[in-house]
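First comes one chain, alone, set out as structure tokens in the form predicted on its own.
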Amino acid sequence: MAPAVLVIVLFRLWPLLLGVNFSLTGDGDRNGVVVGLDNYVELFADPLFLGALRNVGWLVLLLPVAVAIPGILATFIYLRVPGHRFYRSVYFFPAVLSPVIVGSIFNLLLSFGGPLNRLLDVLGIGPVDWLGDSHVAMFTVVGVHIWATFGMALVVFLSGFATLDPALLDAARSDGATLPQVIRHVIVPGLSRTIQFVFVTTMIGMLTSMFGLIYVMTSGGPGGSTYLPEYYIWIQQGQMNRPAYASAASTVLFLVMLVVGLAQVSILRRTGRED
């Protein structure tokens, strides 16, 4: 017990506290000088950072979609639809690709004169500026991220299905339950812990693993509309050379992830008890 606690303190809590402490100091001419909450005040007055937090809100709203897609596909694979072995490999394939490669591919597909817009033109639908319209770009990047990463969640769901009691499914089928009823009353309650895990890890992935896609596809644009806190932190640390200010943004990102994660687990547990 003691070694485990020591590892957590040394490699988790101590660096976290150092980062929080560093966020209370200044950059540049005030390097090393304690500035209190000045970095946080500046942070919440920056429209780019507020826009990044607003985009986090969109991610939270889109999270059920990101979880439902691999969950439904895993259900079909578990129920052994024709070709389920082939689909399992195909669905997982994008998960092994680098975000840089995925972003480059979709940059070509989604360019204004690209194949997708040409297809829309054939169908009589006007072209969409997928990456150049500030009202569309964030949803485009999130959609590509979901496509690229849902294979991992699919594997987790399939692992969860391995723990599901087949007798319950057989009993539901014997009682004449439809597929939606089986999903609602047997699969979802039986996989409640797996669903909780996928919700939390998918949200963490959205908040901490979209840097590569944003960098390649939009570079935060147009007009900062695709900024996320992670990308904002990199700009401040890597481009503006403001490590203390970036630490303040990192602390806020950590708190956001903590609050969102705890809220998700609480809601899902309450839903599970109601079922």
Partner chain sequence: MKQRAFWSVAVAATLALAGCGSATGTDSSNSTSGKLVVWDWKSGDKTATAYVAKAKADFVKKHPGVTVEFVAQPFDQYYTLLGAAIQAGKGPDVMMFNGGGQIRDRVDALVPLDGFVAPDQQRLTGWDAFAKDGKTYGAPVTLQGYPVYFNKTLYKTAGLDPQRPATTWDGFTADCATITKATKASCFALGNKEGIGIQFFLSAFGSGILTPQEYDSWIAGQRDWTSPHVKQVFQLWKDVNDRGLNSKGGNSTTLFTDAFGIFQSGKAVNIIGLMSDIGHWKDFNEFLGPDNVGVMKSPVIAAGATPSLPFDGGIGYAVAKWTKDPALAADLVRSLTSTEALTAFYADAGAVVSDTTVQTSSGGAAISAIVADLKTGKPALHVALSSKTIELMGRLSQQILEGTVSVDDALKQLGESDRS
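None of the values given here were measured: they were computed from a predicted structure. Residue numbers count along the first chain shown, from 1.
Unshown form predicted together with the partner chain; subsequent notes refer to it.
Contact of Gly132 with the partner chain in the predicted complex (heavy atom, 4.5 Å) | It does: once the partner chain is placed as it appears in the predicted complex, Gly132 has a heavy atom within 4.5 Å of it.
Partner proximity in the predicted complex: Phe86 to the partner chain, non-hydrogen atom cutoff 4.5 Å = Contact with the partner chain, no.
Looking at the partner-bound form in the predicted complex, is Val35 within 4.5 Å of the partner chain by any heavy atom?
-> The answer is no: Val35 has no heavy atom within 4.5 Å of the partner chain.
Would Thr218 sit within 4.5 Å of the partner chain in the predicted complex, counting heavy atoms only?
-> Yes, Thr218 lies within 4.5 Å of the partner chain in the predicted complex.
Just one of 52-60, 202-210, 27-35, 66-74 has heavy atoms within 4.5 Å of the partner chain in the predicted complex; which?
-> That would be stretch 27-35.
Give a yes or no on whether each residue among Tyr227, Trp234 and Gln239 has a heavy atom within 4.5 Å of the partner chain in the predicted complex.
-> Result yes, every residue of the spot touches the partner chain.
Enumerate the residues of 86-123 that have a non-hydrogen atom within 4.5 Å of the partner chain in the predicted complex, in sequence order, or give none.
-> The stretch 86-123, when checked against the partner chain in the predicted complex, contributes Asn107, Phe112 at the 4.5 Å heavy-atom cut-off.
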